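Take a look at this single chain, the form predicted on its own, given in structure tokens.
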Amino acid sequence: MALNVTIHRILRHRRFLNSANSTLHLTNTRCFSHAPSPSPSQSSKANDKDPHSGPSSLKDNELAKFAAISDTWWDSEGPFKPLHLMNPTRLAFIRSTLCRHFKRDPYSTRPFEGLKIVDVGCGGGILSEPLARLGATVTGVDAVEKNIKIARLHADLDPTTSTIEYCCTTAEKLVEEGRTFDAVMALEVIEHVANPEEFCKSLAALTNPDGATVVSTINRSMRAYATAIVAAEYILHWLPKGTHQWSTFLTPEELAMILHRAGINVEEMAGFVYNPLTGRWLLSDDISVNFIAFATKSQNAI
């Protein structure tokens, strides 16, 4: 596979994606009332299971770190402020790539109608909720029980997002249960797992043949160290100190290779760049710090 060619094949629809950010701000808050109600079995599934039992790529210290700040997930000025600011841009990329792959109308209010999507490492649900509003049948999983409780409480405020199935579990556990999805999301998660290779194998196993996988993370570059750690954690205080460890970051080449070995092939990558004048993130060809990858699983993959 020509990884360098794959990595630099950046977003043929950049104009649509950047212009879509303003629309997605509205999408995040738009409510719909005609979605089906969740069954009791869905809302309670995996609640009583221990996400730490069995094979797992989890790090206990990472779980403790996020459990300590779980109450602030929906505080747009709190520790998760960078994710709230980046979310419309992440959604623009997801909306464009999934609509193109699944042949959906990107201008539809609910282009993901009928698609089953899992949000791995969903936290408080800041990605799961807009995916549900875009029409997807969403499952959000996180190994931190407090995150799942916060996500459920917030989702229940809106009839559309109340249909989300939240489970305190792991990707590995979902694989053991035989769960599969049309699209698998793992945004800002892989840099916090103990074994990225095994984690990506789980993502691949959860992805249906001809399905899609989207992964975002931080590049292991000196520029990323300077901006994502030194500036974000110690100077601007956007994130709690110690949120990230530079040694756990992956380069775009490494991520593409790991995903390829797991059976899913990266087709598109884009970077996220922050504009301090507008306070907004934009999609860019610059993948030297934050980047996102869209990958697909072939129809004959097992």
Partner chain sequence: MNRLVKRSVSNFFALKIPSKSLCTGVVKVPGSNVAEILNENEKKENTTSNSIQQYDIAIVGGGMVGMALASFLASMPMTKQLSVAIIDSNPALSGSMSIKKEDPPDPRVSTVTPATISFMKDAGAWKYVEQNRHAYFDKMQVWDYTGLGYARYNARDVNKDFLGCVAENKVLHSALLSCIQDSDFKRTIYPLRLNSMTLNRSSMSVVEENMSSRESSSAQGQCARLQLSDGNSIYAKLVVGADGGKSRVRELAGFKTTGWNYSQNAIICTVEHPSENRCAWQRFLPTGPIALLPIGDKFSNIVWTMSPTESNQRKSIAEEEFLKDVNSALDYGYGPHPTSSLSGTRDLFSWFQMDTTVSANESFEVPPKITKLVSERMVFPLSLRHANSYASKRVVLIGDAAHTVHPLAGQGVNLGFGDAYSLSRIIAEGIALGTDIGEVNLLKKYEAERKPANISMMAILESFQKAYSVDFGPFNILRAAAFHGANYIPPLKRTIISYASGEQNFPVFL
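Positions refer to the first chain, counted from 1. Computed from a predicted model, the values in this text were never measured in an experiment.
One more form of this protein, predicted in complex with the partner chain, exists but is not displayed; see below.
- Within 4.5 Å of any heavy atom of the partner chain in the model of the complex lies no heavy atom of F199.
- The partner chain is not shown here, but in the model of the complex it comes within 4.5 Å of a heavy atom of S162.
- Interface membership of V175, defined by any non-hydrogen atom within 4.5 Å of the partner chain in the model of the complex, is ruled out.
- Of the heavy atoms in I229, none are within 4.5 Å of the partner chain in the model of the complex.
- Residues with any non-hydrogen atom within 4.5 angstroms of the partner chain in the model of the complex fall in just one of 219-227, 167-175, 206-214, 188-196: 167-175.
- Scanning A136, L91, L98, V184 against the partner chain in the model of the complex with a 4.5 Å heavy atom cut-off leaves one residue, L91.
- In sequence order, P106, Y107, S108, T109 are the residues of 96-125 having a heavy atom within 4.5 Å of the partner chain in the model of the complex; the partner itself is omitted from this view.
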